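Coming up is one lone chain in structure tokens, specifically the form predicted alone.
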């Protein structure tokens, strides 16, 4: 059974994680991850695929997440230099608590990205995110983030920011 306090903590985590990604606060965003992390953006909107056998836009373990962050911070990821201006809305939050005391959290999102690196395009990204969270030393940490883009199976523009 999920308490009101747990619901509010998980909801606050989602908002914080989104804001850190939107504001290109990479080190703080990376600190939200556990060591057994998986960050996955399937190339199909259902997510009903096997990332080890089928193509994904992103399929990072903790080491690859760290590499992604280092590249974004280096200034050599030219597709995000300067970083896109972004804001996302989160809705339809559904939280399940597992027998192990972890949380499986589904939410819908709409992300606006102003790609300022070249053409100043305003892009819209939408979909559903599945987070898996656990308490570690009194703080929620994520060990799974799956982003199911509505247009995942279509040709996508640059996806080098944190989605």
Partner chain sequence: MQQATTNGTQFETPAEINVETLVHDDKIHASLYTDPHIFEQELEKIFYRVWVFVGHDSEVPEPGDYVTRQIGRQPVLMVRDKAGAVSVFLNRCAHRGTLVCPAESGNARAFTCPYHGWTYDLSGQLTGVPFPGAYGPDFNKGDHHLPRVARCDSYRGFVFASLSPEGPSLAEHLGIASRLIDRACDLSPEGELDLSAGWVKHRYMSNWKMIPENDTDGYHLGFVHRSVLKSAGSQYQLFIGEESNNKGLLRDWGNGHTEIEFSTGYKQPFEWFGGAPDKYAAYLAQLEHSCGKAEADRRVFEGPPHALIFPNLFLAEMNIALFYPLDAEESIQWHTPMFLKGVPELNTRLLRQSEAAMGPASFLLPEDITIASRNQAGLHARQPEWLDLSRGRNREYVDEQGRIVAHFTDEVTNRAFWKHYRTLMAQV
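Numbering follows the first chain given and starts at 1. Please read all numbers here as calculations on a predicted model, not as lab measurements.
The same protein also has a form predicted together with the partner chain, omitted here; what follows describes it.
K.L.:
Among 26 to 34, 100 to 108, 52 to 60, 134 to 142, which stretch sits within 4.5 Å of the partner chain in the predicted bound form, heavy atoms only?
P.N.:
Contact-bearing stretch, as computed: 52 to 60.
K.L.:
Any chance 12, 16 and 19 all have a heavy atom within 4.5 Å of the partner chain in the predicted bound form?
P.N.:
No, none of the three is in contact.
K.L.:
Quick one: does residue 71 come within 4.5 Å of the partner chain in the predicted bound form, counting heavy atoms only?
P.N.:
Residue 71: yes, in contact with the partner chain in the predicted bound form.
K.L.:
Just to confirm, residue 150 within 4.5 Å of the partner chain in the predicted bound form by heavy atoms?
P.N.:
Answer no; every heavy atom of residue 150 is more than 4.5 Å from the partner chain in the predicted bound form.
K.L.:
If you check in the predicted bound form, is residue 120 within 4.5 Å of the partner chain, heavy atoms only?
P.N.:
The answer is no: residue 120 has no heavy atom within 4.5 Å of the partner chain.
K.L.:
Can you tell me if residue 64 lies within 4.5 angstroms of the partner chain in the predicted bound form, counting non-hydrogen atoms only?
P.N.:
Although the partner chain is absent here, residue 64 would touch it in the predicted bound form, with heavy atoms inside 4.5 Å.
K.L.:
Going by heavy atoms, what in 125 to 160 lies within 4.5 angstroms of the partner chain in the predicted bound form?
P.N.:
The stretch touches the partner through 153, 154, 155, 156, 157, 158, 159, 160.
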